[in-house]
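Shown here is one chain on its own, the form predicted on its own, set out as structure tokens.
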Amino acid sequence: MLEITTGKMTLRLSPPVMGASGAFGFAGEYGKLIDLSTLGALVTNPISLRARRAATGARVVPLDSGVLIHTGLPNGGIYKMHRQYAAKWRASPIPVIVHLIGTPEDLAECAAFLDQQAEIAAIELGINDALTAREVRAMVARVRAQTQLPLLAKLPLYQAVNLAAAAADGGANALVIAAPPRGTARDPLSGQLVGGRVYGPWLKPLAVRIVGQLAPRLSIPIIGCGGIHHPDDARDFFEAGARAVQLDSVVWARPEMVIAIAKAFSGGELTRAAGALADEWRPLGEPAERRTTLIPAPPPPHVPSPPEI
């Protein structure tokens, strides 16, 4: 379990496995596929001060080892989104963390508003790739001055090493490493080049390396994020020094693995018998005969009939 305490409240992540921003919707819309109560917290889709429209054209481009997503981060603005989702956030079985995007001025106004809302457990700031360390320190400090809620800063992958200390100095209570990097790929349907965020298992080694570089140098917790599709992926982040992890693309690729990852760090780990196939997972303590094998057994070999004499 990870605890993040501020002057106003304590954010308890038990298990230390969270739903990442952009993966679960604004209020856990994937709850029909995934039991949200197995997670430690839920981070909302990005929310800005003012409304944003959805991107036009292609939004999802398949890649050889992942996917590129370009949504435009649509949302109705902080006040409208709060009116629309406050009741669901209040009824959530797990803490709700609002992910904010925008200018320093916008972020400060959003943070001041959320500070007054009892259903909000924490704030996560999306740090723009183009910001300098000085700008990040000033922005985080400006938000910190407006709220006593626990404050997480989600750093861009390729700038995390340069920006981590600045975010911590500005008043972040934890760092999320890292936001998925930006890329450009050709949409196979339209033939157009599309820019967006890139997700996939290949991100894990890059993020784990950065976590390992920063964990010994920082006094605040690191939350690992990127390419986690199996409990062993999360274990690599923890061994590198992360105190918690966030899940993103696994939610779309293999939603059943979200529960497996969460239970692996909550005392209810899913297990499989020695020599079993990779998909023969079952909750710890469940009789082996209750397992369901997802791969059908092969048909018996064909034995030709003997020729007539």
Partner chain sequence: MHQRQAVIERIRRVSAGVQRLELAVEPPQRALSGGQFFLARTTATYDPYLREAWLPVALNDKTIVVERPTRYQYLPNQVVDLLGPLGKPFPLRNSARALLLIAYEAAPSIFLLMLQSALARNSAATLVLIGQAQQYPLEALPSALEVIRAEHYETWAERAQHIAWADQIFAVAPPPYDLPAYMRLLEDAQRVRHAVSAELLYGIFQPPMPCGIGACQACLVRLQNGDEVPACTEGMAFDLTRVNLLQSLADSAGA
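Residue numbers count along the first chain shown, from 1. Note that this is a predicted model, so its numbers are computed, not measured.
Keep in mind that the form predicted in complex with its partner chain is not shown, yet the notes after this line are about it.
- By the criterion of a heavy atom within 4.5 Å, T132 is excluded from the residues contacting its partner chain in the predicted bound form.
- For the chain shown alone, H229 is a contact residue for its partner chain in the predicted bound form, at least one non-hydrogen atom being within 4.5 angstroms.
- Within this chain, S65 lines the site of its partner chain in the predicted bound form, having a heavy atom no more than 4.5 Å away.
- Contact check for G102: no non-hydrogen atom falls within 4.5 Å of its partner chain in the predicted bound form.
- None of 104-112, 197-205, 120-128, 149-157 except one has non-hydrogen atoms within 4.5 angstroms of its partner chain in the predicted bound form; the exception is 197-205.
- This chain lacks the partner; the member of V250, A240, L36, A260 within 4.5 angstroms of its partner chain in the predicted bound form by a non-hydrogen atom is V250.
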